[in-house]
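Have a look below at one chain only, the form predicted on its own, in structure tokens format.
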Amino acid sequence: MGSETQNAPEAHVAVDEIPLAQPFSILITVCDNTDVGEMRVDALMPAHQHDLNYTPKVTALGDGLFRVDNMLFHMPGLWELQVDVGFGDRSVSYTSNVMLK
């Protein structure tokens, strides 16, 4: 995942498969010694200007690992995964493009 924030901690997404129009889960790892606070996850289709139809559920698993359930990409095309992570008094936004056929 990429961030425009300078010196942002690295973040990685792991997913086995992204099915079309079916719920799936992802794992997000934030590599930082700082305690990670709140994490918000969404995705949007830039070409259609809409986001997810369902709100993902984020669960902290400890040591910078988060499980995100209830992800559902209801249309094929380019999706932009958006993750906002709170680190104490600052927030960092990450994005990753996903092409779904």
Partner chain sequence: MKVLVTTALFVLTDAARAEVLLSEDHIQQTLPFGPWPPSFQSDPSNRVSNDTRAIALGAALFNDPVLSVDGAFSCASCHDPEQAFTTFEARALGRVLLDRNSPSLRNLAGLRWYGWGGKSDSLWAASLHPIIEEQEMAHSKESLKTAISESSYIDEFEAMFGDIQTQDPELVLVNTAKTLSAYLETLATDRTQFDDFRDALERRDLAMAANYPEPAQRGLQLFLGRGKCVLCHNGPGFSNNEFHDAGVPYFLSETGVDEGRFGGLNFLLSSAYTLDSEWSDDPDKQGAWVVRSVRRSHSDFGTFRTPSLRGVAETAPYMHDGSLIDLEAVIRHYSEIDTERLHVDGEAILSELNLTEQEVADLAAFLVSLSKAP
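Please read all numbers here as calculations on a predicted model, not as lab measurements. Positions refer to the first chain, counted from 1.
Beyond what is shown, the protein has a form predicted in complex with the partner chain; the following relates to that form.
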Does residue 23 reach the partner chain in the model of the complex, with heavy atoms at most 4.5 Å apart?
-> yes
Wondering, does residue 42 line up within 4.5 Å of the partner chain in the model of the complex on heavy atoms?
-> yes
Would residue 47 show up as a contact with the partner chain in the model of the complex if we use heavy atoms at 4.5 Å?
-> yes
Going by a heavy atom distance of 4.5 Å, is residue 36 a contact of the partner chain in the model of the complex?
-> no
Taking the partner chain in the model of the complex, which residues along 67-88 bring a heavy atom to within 4.5 Å of it?
-> 70, 72, 74, 75, 76
